[in-house]
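Read the single chain below, which is given as structure tokens and is the form predicted alone.
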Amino acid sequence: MATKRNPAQDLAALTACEAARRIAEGALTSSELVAACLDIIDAQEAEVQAWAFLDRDRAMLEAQERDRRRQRGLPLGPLHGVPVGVKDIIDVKGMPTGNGTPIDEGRRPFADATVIRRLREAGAVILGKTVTTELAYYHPGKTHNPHDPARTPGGSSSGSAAAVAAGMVPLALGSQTNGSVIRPASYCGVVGFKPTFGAVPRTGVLTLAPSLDQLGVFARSIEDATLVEWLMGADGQDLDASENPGPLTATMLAEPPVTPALAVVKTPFWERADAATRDAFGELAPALGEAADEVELPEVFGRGVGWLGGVMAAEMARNLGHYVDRAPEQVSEALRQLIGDGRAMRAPDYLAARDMQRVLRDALDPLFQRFDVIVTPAATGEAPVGLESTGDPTFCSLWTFCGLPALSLPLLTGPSGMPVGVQLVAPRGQDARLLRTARWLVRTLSQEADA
């Protein structure tokens, strides 16, 4: 006899865009959707442990308010009534923001971060705070991979990726200073989108390395990922928030004027990818035919990981060093080591590394004149077994260093049946092109599989 499906699973499995459409049409209420998500959390949270704080009562009150607003015929935002998870380094007024460290336990911000204010303006319901690694660096939190609890979900946006993958919430915010959106998306088998550096304001978000810190989103579809456009644009406080590469949704849904040209790039770090990932990418270019060419990057790009590491260490020492000074016994050895390395870095070396951000980005211009996007692994392979590490971010580092928009698509499966992401990268400010090309790629590969 077939197992009866829980009705909550069907509601909670909706994409954010489909849920928003149904709520706007009156076919679904926000209260029903939020209740369904809470049911899934009740069923899975003990195993997945994606949430640092869950505000059930407040979420239901917000959902009821969204329902009353629709009933009164008032204007609705693009995320009206849709529940969203928020990484626990992003301030939400009245909710604890612990930043993944016992030092900040119980901290409650007095104001929303800019992205939270914009989510509310779009009609979203803030469901709660998702687990982050310690101060959004490498030391893991409590979250398990929903596909295999013995494996890491990645980091540092571990809870956000796992919550979306487990069906607990259709959309969640994360951040990336090295590989903290793209890698967890790959490990957990969801769409992860990190827009162009400077597209989304970081006001009210824990500062690690302001030359690298970027916000992103975890979603169930490419269309859902475009909803980040409602968070974009300057806020007058984050001086780096000067890019606004929207509109995204309308461009993503449009057909490419010509067949996109894809550069399959192994990067200088190819030996770090496992054998199965290398084999899968070896088959990708032939599967795409004339649309894809394999391209090698000059050797200088191999130094990008080191330059990113230097910038990250120096800037995190400045912004997070006070945690080590205040309570060294409550800080991981990995973070203490990083802060020490950052404090020891010479100013000329730091400034030289900063210069190389623009040099490498400009050096990619000739490649992007020939190709619409770069296609490369999102991670070295499947999520590693064990929770003591969040995995290797190497395949994300170069693109983060250059501030380029990147997207992870759950297109591959590893030898243990775990998801493996394909990463697409576009020129700075060309987020819409990236999303449109991603949609074309998914459709093309689906047609190849059906043929």
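None of the values given here were measured: they were computed from a predicted structure. The first residue of the sequence shown is number 1, and the count goes up from there.
There is also a form predicted in complex with a further copy of the same chain; it is not shown, and the following applies to it.
- In short, of 74 to 82, 91 to 99, 342 to 350, 296 to 304 it is 342 to 350 that has heavy atoms within 4.5 Å of a further copy of the same chain in the predicted bound form.
- Checking 358, 107, 336, 370 for any heavy atom within 4.5 Å of a further copy of the same chain in the predicted bound form turns up a single hit: 358.
- 239 is the sole member of 254, 239, 275, 150 with a non-hydrogen atom within 4.5 Å of a further copy of the same chain in the predicted bound form.
- In the predicted bound form, residue 318 approaches a further copy of the same chain with a heavy atom inside 4.5 Å.
- When a further copy of the same chain is considered in the predicted bound form, residue 232 lies well away from it, no heavy atom lying within 4.5 Å.
- For residue 263, no non-hydrogen atom is located within 4.5 Å of a further copy of the same chain in the predicted bound form, even though that partner is not displayed.
- By the criterion of a heavy atom within 4.5 Å, residue 314 is counted among the residues contacting a further copy of the same chain in the predicted bound form.
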